[in-house]
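Only one chain is included here, represented as structure tokens and corresponding to the form predicted on its own.
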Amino acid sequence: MPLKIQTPLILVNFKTYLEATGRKAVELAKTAERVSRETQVSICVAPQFTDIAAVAEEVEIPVFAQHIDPIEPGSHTGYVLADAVKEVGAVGTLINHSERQLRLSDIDAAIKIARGKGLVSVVCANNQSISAAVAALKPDMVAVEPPELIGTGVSVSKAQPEVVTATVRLVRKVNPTVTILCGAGISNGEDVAAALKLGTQGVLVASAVVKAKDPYRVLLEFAEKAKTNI
């Protein structure tokens, strides 16, 4: 039975790490699915474009694209078409990750395209004002990710808790219904618990899971902490 997206949510971005490329992407997605089923916590994965089809074929947890371009079908060589990622099994997409940033007008267009194609949009934002601006565009989710903490192992929920609380407050004023995720440096269960206590509804993670010696153990810790801090 397919697993739905619900909160608290753990979204694992595979980026372009070799540990989550090709066959290893499928293995990691299966590990995420196992933890999701065991804990009943929603875990989604965002593999590279070339791995979406293989991953979606093998697991029933939600699969996301890492990016879509604000384009319609046509002559756009080298771009990523929303229809294409949906066709191969993606149910949602990241937009404006700090490593793949877009102009605000393109973020707006990408959100509208995702909505029109029935894809869940998760828009990343690197500060409070950007978070509020993108929340006004009515994406499904906003992920708060100060870029200076990404991949450092120092979580935003601990290093800059005031950033999270202020952002949550600001975003809620603009868009009371959007789901808010916390990203950047989430590396253990305590980080997940802290993020949820600060008012977010889930986390966006990458290297802490993808590059872990035992991704199952890390994800299990994340999920158990998420479950007890709803």
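Each residue number is its position in the shown sequence, starting from 1. The model shown is predicted, which means the values in this text are computed figures rather than measured ones.
Note that the form predicted together with a further copy of the same chain isn't included here; everything after this is about it.
Novice: Quick check on residue 116: any heavy atom within 4.5 Å of a further copy of the same chain in the model of the complex?
Specialist: Residue-level check for residue 116: no, no contact with a further copy of the same chain.
Novice: Can you tell me whether residue 50 touches a further copy of the same chain? I mean in the model of the complex, with a 4.5 angstroms heavy atom cut-off.
Specialist: It does: once a further copy of the same chain is placed as it appears in the model of the complex, residue 50 has a heavy atom within 4.5 Å of it.
Novice: Does the 4.5 Å heavy atom contact test between residue 143 and a further copy of the same chain in the model of the complex come out positive?
Specialist: Close contact is absent here: in the model of the complex, residue 143 is far from a further copy of the same chain, nothing within 4.5 Å, heavy atoms only.
Novice: Classify residue 160 as contacting or not contacting a further copy of the same chain in the model of the complex by the rule of any non-hydrogen atom within 4.5 angstroms, answering yes or no.
Specialist: Residue 160: no contact with a further copy of the same chain in the model of the complex.
Novice: If you look in the model of the complex, which residues in 55-87 sit within 4.5 Å of a further copy of the same chain (heavy atoms)?
Specialist: Sequence-ordered list: 66, 67, 71, 72, 73, 74, 75, 76, 77, 78, 79, 80, 81, 83, 84, 85, 87.
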